[in-house]
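Listed next as structure tokens is one chain, alone, in the form predicted alone.
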Amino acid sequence: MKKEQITIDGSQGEGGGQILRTSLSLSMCLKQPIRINNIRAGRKKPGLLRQHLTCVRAAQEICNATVKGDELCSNFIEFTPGEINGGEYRFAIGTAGSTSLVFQTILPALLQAASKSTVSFEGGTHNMQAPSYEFITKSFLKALEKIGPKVDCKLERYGFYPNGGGQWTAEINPIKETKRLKLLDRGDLVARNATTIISKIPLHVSQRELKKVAQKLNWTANELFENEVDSIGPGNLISLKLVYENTVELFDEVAQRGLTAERVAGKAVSSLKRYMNSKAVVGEHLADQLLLPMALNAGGSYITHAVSEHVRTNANVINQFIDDAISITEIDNDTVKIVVNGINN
């Protein structure tokens, strides 16, 4: 029996692009026709930008979907999915828009495909308000390995805003067996480091960032690394990494015009300190990104910070597709437990 179309309000909660991306992923995986209205209504430039349109068309190609409204600035789409197909794909945003967000949109579907997929991405690899390539590979995918998926990635070229031009490839193996993910205790701290990524910018910027980290965190020289890379345009990012027995957290900050190197490093340090001074096992951004793959697999639970509006919106969208999939319980003023009932429990 063909499922009836459900309607998603793109203006709910924080009203951003995550509503679109999560809805597309769930539509593909559950074979659920959808209509999304008021797309990105909470943003200064509402509707589909090029990055979001790439997500729609990537999803369409992967499951041979029928789509209406897939054009720039459109405030709605209708998406009727077909069968998910593994294979070789290439998705180019055409701007510095985030490739990692396109990747996270299509990953759940390709994990359900009958065959392995190789996907190439072109666009931004290190963007503000989006997970960096390093966060994807060193934190997000590390957590997913505990669920079951095996994904191998290779970065060919960095892409910073506003020039973009980054390139990377993901090899996605279909998931064969899923496990419940429980992240209720960090375990002991195993390693920590700070890495700057810099391209076509004076090296003293990177050095000043690392100096600030050393001052604020008392980290030693053998925990500080510089990585000068090639990219089409200039760019800089600092990434602070904490490796625990049970989880890996990254705290990234992308440099932007008008912010000193010290300020960029200071913002990353503040995020790290907030995490370390809390009872959270899963950081704020990873907490958001784990909801969907957990709901579509065996579920589980984790401890995180006081929940952001972004997390609550994502949970509400998932619950619209899967009844009572996600529950959020406050433990204290800065700690919550999130329980996910996966469809493969």
Partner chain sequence: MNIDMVSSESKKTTVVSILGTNLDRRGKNAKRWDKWRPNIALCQQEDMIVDTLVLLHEEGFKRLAEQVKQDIETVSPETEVLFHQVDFSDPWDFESVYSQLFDFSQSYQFKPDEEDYLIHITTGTHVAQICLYLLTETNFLPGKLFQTSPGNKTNPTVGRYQIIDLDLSCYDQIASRFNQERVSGVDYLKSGIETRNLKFNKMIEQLEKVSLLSKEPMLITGATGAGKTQLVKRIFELKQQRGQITGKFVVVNCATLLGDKAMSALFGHSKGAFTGAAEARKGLLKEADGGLLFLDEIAELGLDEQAMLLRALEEKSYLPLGADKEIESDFQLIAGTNNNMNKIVAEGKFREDLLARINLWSYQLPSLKERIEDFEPNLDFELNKFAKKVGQLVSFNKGARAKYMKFATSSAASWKANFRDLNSSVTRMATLSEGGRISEDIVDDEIVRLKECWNNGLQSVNDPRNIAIKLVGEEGANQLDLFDQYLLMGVSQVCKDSKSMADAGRKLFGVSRLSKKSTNDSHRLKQVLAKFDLSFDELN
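Residue numbers count along the first chain shown, from 1. Just so it is clear, the structure is predicted and the values come from calculations on it, not from any experiment.
Below, we turn to the form predicted together with the partner chain, even though it does not appear here.
Checking L184, C73, L203, V190 for any heavy atom within 4.5 Å of the partner chain in the model of the complex turns up a single hit: C73. With the partner omitted from this view, the residue of T137, N163, T247, T195 that lies near the partner chain in the model of the complex is N163 [heavy atom within 4.5 Å]. In the model of the complex, the partner chain sits within 4.5 Å of a heavy atom belonging to T66.
Residue contact check for Q60: one or more of its heavy atoms lie within 4.5 Å of the partner chain in the model of the complex. Though the partner is left out of this view, I232 does reach within 4.5 Å of the partner chain in the model of the complex, counting heavy atoms only. When the partner chain is considered in the model of the complex, G87 lies well away from it, no heavy atom lying within 4.5 Å. Candidate site formed by L24, I147 and K176: none of these residues places a non-hydrogen atom within 4.5 angstroms of the partner chain in the model of the complex. Screening 219 to 227, 93 to 101, 203 to 211, 263 to 271 for residues having heavy atoms within 4.5 Å of the partner chain in the model of the complex returns a single hit, 93 to 101.
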